[in-house]
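Read the single chain below, which is given as C-alpha cells and is the form predicted on its own.
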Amino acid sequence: MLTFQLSNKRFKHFFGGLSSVAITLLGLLALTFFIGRVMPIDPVLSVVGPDADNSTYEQVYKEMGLDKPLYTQYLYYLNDIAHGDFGNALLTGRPVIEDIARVFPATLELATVAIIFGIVIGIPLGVYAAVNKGRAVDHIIRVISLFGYSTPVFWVGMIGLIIFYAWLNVVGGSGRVDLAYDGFVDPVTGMLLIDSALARDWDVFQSAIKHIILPAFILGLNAVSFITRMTRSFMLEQLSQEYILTAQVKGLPKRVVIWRHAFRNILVQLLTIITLSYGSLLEGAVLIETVFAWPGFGQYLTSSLLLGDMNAVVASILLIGLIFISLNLLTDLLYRVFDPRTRK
C-alpha cells in the first residue's frame, strides 16, 4: 500500500511537471507570436522593400496571411512551429532554423567556457570569504565581486582588447580564430575547440584558445561575482550550524569541516545558481559578441533586430525561452539526484 502511494505521488509530481512545462511553452509561443505582431515593424516591407508598388505589397500581405483574423494567424503560426518552419531569414535568405543551428554552437562554446571560469573562480572565493568573514580578505573579495557584477561588460571588453591584445599581444583579437586558420577545420559540433581537437589540428586549437579566453573570462565576470556572493551566503549559513561546531569539537581538520561537511550541504543550492547563471550567459552574450565580433547567436539576434527580420527575432526569443525551461528541468532532475529528501 505504501509503495502504491509513493508511486502515485511520483506520478502526480511527474505529470504536474509536464503540465507546467506544456503551459509554459504555450505561453511562450503566444508571447513570441504577439511580440511579432506588436513590433513597430512592417513585415511586408521587410520582404518587398520600401520601393514596392501597392499591388506587390497587397499580394505579399495576403501570402503572409496577414489579412486573416488574429486567431487564425496564431493557429497557422502554431502549425508552422510544430513542423519546425520559422520562415526564411532576411539577412541570409536561408531558413531561420538553419541559421540558428549554425551560429548557436559558437555562443554555447563561449558561455560554457565562461561558466567554467565562474565555477572555478567563484566557488573558492566564496568559500574563502565565508571562512574569513569580517576580515580584510573577506572585504576585498566582496569589493571585487561587486566590481565584476556592476561593471559594463562592453567597457571591460574594449579595455581588455586594448591591454591584452593591442599592447601585450597575449590573446587573440576579434573572431573565433586567426584569419590564417579560418575554415581549416570542418564543423562537426560547431564548437571550434572540440572540432579542432577531434581533427587533431592543434594549431587551430591553440588559436581558438587564444581567441576565446578573453571574451569568455569577461563574459564570465558576472557569473564569478554572482556565484561568489551566493557561495559565501550559503557557506555562512552552514558554518553557523551546530553540526559544524560538533565537528570542530571532535578535532576534525579545518579543511575537512569546510569542504566535506559545510560545502557538501550547499551543493544542491549551488546547482540552481550555476544553472541560472549558465542560462543568463547563453542569452546575455550579445554585447560581448558585438565587441569581439564573435559570430554567435547574440550577434545574429542583434543583426536581425536592426534589420527588422521578425522571423529570426521570434525564433531567437523562442529559443531563449526553451533554454531556460530546459535548464529549470535539468535543475529539478539534479535536485532529485543529489538530494534524497526530494525523492520522498
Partner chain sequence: MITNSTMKSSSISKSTNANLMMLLKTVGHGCKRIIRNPLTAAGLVVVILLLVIAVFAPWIATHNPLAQQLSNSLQAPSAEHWFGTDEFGRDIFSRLVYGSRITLYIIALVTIIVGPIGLAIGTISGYFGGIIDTVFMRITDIFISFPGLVLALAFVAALGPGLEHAVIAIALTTWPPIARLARAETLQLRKADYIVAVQLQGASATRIIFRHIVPMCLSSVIVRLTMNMAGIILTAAGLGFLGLGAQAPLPEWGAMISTGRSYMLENWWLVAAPGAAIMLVSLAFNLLGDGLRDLLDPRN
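Numbering follows the first chain given and starts at 1. On a predicted model such as this, the values are computed, not experimentally measured, just so you know.
A second form of this protein, the form predicted together with the partner chain, is not displayed here; the remarks below concern that form.
Residues 124, 259 and 327 are none of them found to lie within 4.5 Å of the partner chain in the predicted bound form, as judged by heavy atom distances. Only one of the listed residues (74, 128, 263, 149) places a non-hydrogen atom within 4.5 angstroms of the partner chain in the predicted bound form, and that residue is 149. This chain is drawn without the partner chain; in the predicted bound form, the residue among 52, 276, 60, 305 with a heavy atom within 4.5 Å of it is 305. Heavy atoms within 4.5 Å of the partner chain in the predicted bound form are found in one stretch of 101 to 109, 189 to 197, 267 to 275, 156 to 164, which is 156 to 164.
For the chain shown alone, residue 210 is not a contact residue for the partner chain in the predicted bound form, no non-hydrogen atom being within 4.5 angstroms. Although the partner is absent from this view, residue 331 stays clear of the partner chain in the predicted bound form, with no non-hydrogen atom inside 4.5 angstroms. Contact check for residue 69: every heavy atom lies farther than 4.5 Å from the partner chain in the predicted bound form. Remark: residue 65 does not count among the residues lining the partner chain in the predicted bound form, judged by a heavy atom distance of 4.5 Å or less. The partner is not shown here, but in the predicted bound form the stretch 221 to 260 reaches within 4.5 angstroms of the partner chain through a heavy atom at 229 alone.
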